[in-house]
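Heads up, the chain below is alone and in the form predicted on its own; it's given as structure tokens.
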Amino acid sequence: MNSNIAGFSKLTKEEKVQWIAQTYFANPDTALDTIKQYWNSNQKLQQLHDEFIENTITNFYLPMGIAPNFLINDRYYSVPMVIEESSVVAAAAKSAKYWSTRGGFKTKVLSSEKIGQVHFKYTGNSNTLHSFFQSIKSQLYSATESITKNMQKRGGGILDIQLVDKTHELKGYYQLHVTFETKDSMGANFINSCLEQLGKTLKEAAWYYDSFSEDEKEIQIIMCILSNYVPNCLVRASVSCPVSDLAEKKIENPVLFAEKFVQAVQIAAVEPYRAVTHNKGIMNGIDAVVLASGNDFRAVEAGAHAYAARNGKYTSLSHAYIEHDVFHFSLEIPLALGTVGGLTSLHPMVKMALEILGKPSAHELMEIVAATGLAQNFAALRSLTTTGIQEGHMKMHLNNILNQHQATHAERQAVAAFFENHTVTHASVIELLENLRK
């Protein structure tokens, strides 16, 4: 069947859905039913969702859960999390409750600078370009005044503009490296608008600089774009307590537990294969809150992993050590987040999530997100160094298996009772269901 189509974007939503159903499914009516059952019955709300992206055909739902009892800087939070993976919310909630009786999470925003760059090509004398840059630097600031004035009223704006010579890496390549403060806004559109104006001003001003030759006046702007690598938009989260206080039902020997835990983090620090999975566990918690708060989890992911490799080798984002019989566990991570603009003022569930969090500032949200990432990491490492990761994960995954095989209420009760004292595996659940159905 030919699945090529011209003018798809010009079709109505109904026409798009009909084409998808007819083109890709043996039973178009079933496909239509599946697509349409996820449409919101509130037409105004559905239109809002339709306009978030292009070529919308339906909604794709992810569950939103709550991890309560997060004590962060002596204040309790219930943290909204949007994620599809079993055991993540439960693990975060368990860690939050555990640390709430041991002093809670301490967090601090270390800095909140964001970066944007004007990438351009110049083939003339480098010294002349630097002199030109110094002569127009104030002009670059004033050229963006109409864009930055409202941000400046809130204490933000352009903090610095630097000329960076990258010709040793790529012939003729220079950049304007621009530092921003965007306060409670993530600031992507603001930053990109400023950068495009800076690029335009740079190119135009070159034509009036007398020290340039005719060829040198031809500055070629390649692109103007923010960077999602924000090593100076950094937040720290930490927990600590006497080693003896780590004891609980599954930690009968807290000294041994603390030593194994620290060694597990040290392994992630030196072994990239482990570090990637270690950091993925951190991002389970971070991405879930970033999604719930209407922020860009892809940007956060990219920036976090770049930060993990900032010294030339991919390593752990978290750190642990024991000093004077006190256990210390911490995380430093770059997080460029916003609580105004974008989806934060449009998506009803995002607005609800921010309400649950007490309408946090961007800095407060950074701290909440970092604490959740640290909690997630603690939960994973606690399982890995005690009972193993699969025990808790597979128990949480049990519901998915039962749903997949349409288990009845009676079957669910029988299965749950059996696995109270047995290890959950996919094969063992299926075998038990088959026996129950004989």
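Please read all numbers here as calculations on a predicted model, not as lab measurements. Residue positions are given as counts along the sequence shown, with the first one as 1.
A second form of this protein, the form predicted together with a small molecule, is not displayed here; the remarks below concern that form.
At the 4.5 Å threshold, heavy atoms of residue 240 stay clear of the small molecule in the model of the complex, well away from it. Using a 4.5 Å cutoff between non-hydrogen atoms, residue 284 counts as a contact of the small molecule in the model of the complex. In the model of the complex, at least one heavy atom of residue 277 sits within 4.5 Å of a heavy atom of the small molecule. Using a 4.5 angstroms limit between non-hydrogen atoms, residue 48 is distant from the small molecule in the model of the complex. Across the options 27-35, 376-384, 57-65, 405-413, residues that bring heavy atoms within 4.5 Å of the small molecule in the model of the complex belong to 376-384. Note on contacts: among 145, 85, 245, 216, the single residue with a heavy atom within 4.5 Å of the small molecule in the model of the complex is 85.
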